[in-house]
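Only one chain is included here, represented as structure tokens and corresponding to the form predicted on its own.
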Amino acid sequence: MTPKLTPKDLALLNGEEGPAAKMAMSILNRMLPVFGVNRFMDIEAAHIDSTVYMGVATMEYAERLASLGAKVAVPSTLNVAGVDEHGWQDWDVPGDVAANAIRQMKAYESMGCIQTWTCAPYQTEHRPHFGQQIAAGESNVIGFYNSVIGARTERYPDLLDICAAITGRVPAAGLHLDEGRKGTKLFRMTGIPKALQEDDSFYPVLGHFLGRKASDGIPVVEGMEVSPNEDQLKAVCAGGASAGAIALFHLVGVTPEAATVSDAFGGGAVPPAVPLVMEDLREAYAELSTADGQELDLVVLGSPHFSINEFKALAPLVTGRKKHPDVDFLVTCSRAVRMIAEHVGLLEPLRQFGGRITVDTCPLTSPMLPDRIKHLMTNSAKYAYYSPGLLGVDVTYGRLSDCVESAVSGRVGRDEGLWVL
């Protein structure tokens, strides 16, 4: 397939916009056949996941671009980094890892990226709008931009996302196009109690189910009886992108491109519906835990990063209480959210409870947790899915209130009434 390069593409490729843009465009051009197309298109924004320190190679890649004078051509937010830049000393992060991770952070800052350092950029002032073309890394961000906002991005891997940001160009493929956004599989919720649909614990489980059953397709779900809030929807995005590779889903009557089932399938043929029943959800719920009823070492919240509304929900649960001395209690969020939460008085109850906060990063991308952590509890499907493999720990999934009560008692406890109806 012969590439159809525009004069702009050729100028970038020939170095007329500088050596960094030439390097970035040459990488994109070599990747064009991988996307199965022969032309590029413009983007208006980017979200860069290449910030995660994965070793010396990722640091040197960023520094190489920076040394060539790289500057992003579109507004580009930054995902989590390998460390909390100003608080890593409070954790078990090796000094050499911290130094290299910070060098990598500085390189991306020098390219003109926006220093959000969060996996929830959609909850900042830099939130995109419906139909906006974007190059996003970070799987839950891809899902949220596409599904909840109706912006358009393909799955951009680390190191390629920054190339798109520097050039302002991406392959004209997949989820950027109308044809690529049609549903591929229909699930019909049947017999799911409304009370469960109103509960926060439902949404990470729904995401996990979709990731397992729809793989890398575009699932469509009908039968919702409630209107989920944004934190609940971001939990679906994170669960679906972790257990599978869900980059776009449609909730009929909820998400912006799915007013009807027909809309979700782009006006084309609608496949037979697959029932989604309580038995399916209970199975997905069970899969998110590798252990239960054990003594607890850590409660970890904030994957994706905690929002202001989540801090508002947490504050009354911990006010006037103390966690068990043997249990660490950690919340991860962005710098901006921490600042706002501090200003409105939401952090002091957490501190009095014995909780801790870290920004810029998360335990899945930073070697910050001590070796003594063997069993953690979380309300995040993403933490629950990845922690056994990445951190070598057992995990129990539960709602936010379950996590707090378990942290107080020192042992895992869950109110599972809604799950046994």
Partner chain sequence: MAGLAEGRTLASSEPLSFWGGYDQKTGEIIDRRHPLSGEISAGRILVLPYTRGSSTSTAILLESVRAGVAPAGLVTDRADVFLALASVVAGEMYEASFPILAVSREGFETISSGSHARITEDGRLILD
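Remember, predicted model here, so these are calculated numbers, not experimental data. Numbering follows the first chain given and starts at 1.
Just so it is clear, the following notes concern the form predicted in complex with the partner chain, a form of the same protein that is not shown.
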Honest question, do Y61, R64 and T290 all end up within 4.5 Å of the partner chain in the model of the complex by heavy atom distance?
yes
Residue (of V170, A241, A101, A120) lying close to the partner chain in the model of the complex, criterion heavy atoms within 4.5 Å:
A241
The partner chain isn't shown here, but in the model of the complex which of K185, R282, R212, R335 has a heavy atom within 4.5 Å of it?
R212
Exercise: T358 in contact with the partner chain in the model of the complex, heavy atom 4.5 Å
no
T365 near the partner chain in the model of the complex, any heavy atom under 4.5 Å?
yes
So in the model of the complex, does any heavy atom of M23 sit within 4.5 Å of the partner chain?
yes
Does L160 make contact with the partner chain in the model of the complex, using a 4.5 Å heavy atom cut-off?
yes
Within 4.5 Å, heavy atoms only, one stretch in 38-46, 350-358, 372-380, 385-393 touches the partner chain in the model of the complex. Which?
385-393
Using a 4.5 Å heavy atom cutoff, which residues in 306-328 contact the partner chain in the model of the complex? It's fine if the answer is none.
none
